[in-house]
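The same protein chain appears twice below, in two forms, each given on its own as structure tokens and labelled structure 1 and structure 2.
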Structure 1
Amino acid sequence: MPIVERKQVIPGDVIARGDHRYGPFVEKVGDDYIALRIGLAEVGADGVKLNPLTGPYLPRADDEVIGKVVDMNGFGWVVDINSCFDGFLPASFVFGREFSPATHDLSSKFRVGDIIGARIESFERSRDPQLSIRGQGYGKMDSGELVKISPTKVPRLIGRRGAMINMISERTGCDVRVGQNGVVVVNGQPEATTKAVTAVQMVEKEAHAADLAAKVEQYLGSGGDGN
């Protein structure tokens, strides 16, 4: 892969000048591209990019998230997705188009307190994000260890094309599910689960390290597949 110059920036810093494409957390003022967050900025073929080092989770359409049902009304469930906006899962997405509050019992599907995996169906400024559980692997999660990490560290936990997360789940034999919102659910044998959870927390703590993959591998390697 090409080596991209990474620049440490804080809010207000000029990342680049001229004419580029630019992503989130970057603002264009005149000819300058201004950083809006503390992070690592890079200017490459795909424009000006800023990977923030800190910040809350902001929903984006098509993100996979893991959340907790916190409320239920006649039309759907309100889900805490570890963000400043609550997700809403409409009952019609679960029961189908023929859903009617009179004939369907919402609590037969999810109850308050349930942990669910879902996808952000849509999100715009004026309304709370809408969730959907259509697709494989979504829906209620009834077992596992729940870990929360900073949402800005999620790309590191997943790794290039899922390298990191695959390594953790293969070495420990656990099923590891990662939500873009920083919620992780680990399923497996008790000792293996503990190991995987520690590895996940290690990624969060040392996300900045360049040799992170090696470190995690070394940790998992010590009897990792001994179950």
Structure 2
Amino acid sequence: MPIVERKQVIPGDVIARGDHRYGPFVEKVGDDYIALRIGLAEVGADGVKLNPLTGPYLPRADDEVIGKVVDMNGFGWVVDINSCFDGFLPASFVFGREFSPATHDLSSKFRVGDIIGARIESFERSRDPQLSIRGQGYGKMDSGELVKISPTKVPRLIGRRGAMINMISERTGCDVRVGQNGVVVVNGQPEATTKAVTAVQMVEKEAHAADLAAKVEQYLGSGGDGN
């Protein structure tokens, strides 16, 4: 397995030197890769990455999000997606091309207060992001414990190739769904759900820790029944 170097950084810190690929929140100055945010930096075969530890959710096209319906009008639903922007789900995306405000009842699909899983269809700074529920697994979420974490810590919760979230799910027997906007829904038996929620909160609280995976694993123990 490739070696990955992780370290906590603040703006201005040199994360690495040389020739690497690099992602958001990193600036290249000469041969130096400079941190632009407080966060956990990773240097490995995939390049230089920085996972910020603070900051709001900024929508991006194709992000999977979990939100709450807060309003509706004649043409769709307004959804709180844990951002400074509200999401908008057009009724035509739900009812299809035959949609007509005069003949279709939006409340037959979603009501104010419903929790839905959706995808960011498009986003421009001049208008709120447009949502879509096209695709498997999207739409109303009828059950589950809702947990909110900092959106910047979602990569740590998911883990490398899904390792962290898969461990939490497998060790508790819960279905854990994570939105890129920092909203998490946990479904399972009551005791197992409580344990999974605590693990999610542990990841948020200790996202900076280099031994985070080991701490979460120790807390969860073994088995898939939540015990």
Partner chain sequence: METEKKLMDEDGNRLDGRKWNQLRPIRLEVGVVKNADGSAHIEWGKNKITAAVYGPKEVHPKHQVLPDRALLRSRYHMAPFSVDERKNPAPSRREIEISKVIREALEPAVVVEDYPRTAIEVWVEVLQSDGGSRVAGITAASLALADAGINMRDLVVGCSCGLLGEHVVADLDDTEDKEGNGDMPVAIMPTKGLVTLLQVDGIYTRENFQKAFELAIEKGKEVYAMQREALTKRFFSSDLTSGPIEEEAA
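Whichever C-alpha set is largest while still superposing within 1.5 Å between the two forms counts as the rigid core. Counting starts at 1 with the first residue of structure 1 and goes up one by one along its sequence. Keep in mind that what you see is a predicted model, and the values were worked out from it rather than measured.
It is structure 1 that shows the chain in the form predicted together with its partner chain. Comparing the rigid parts between the two structures, the hinge point among Phe99, Asn82, Thr54, Gly117 is Thr54; every other option is more than 12 positions away from any hinge. Between-form comparison between the two structures treats the chain as two rigid units and finds the smaller unit turned 24° relative to the larger, from C-alpha superpositions. Comparison between the two structures places the CA of Ile34 7.1 angstrom away from its other position, after core fitting. The shift recorded for the CA atom of Phe25 between the two structures is 3.9 Å, with superposition on the rigid core.
Relative to the superposed rigid core, Ala16 shifts its CA by 8.9 Å between the two structures.
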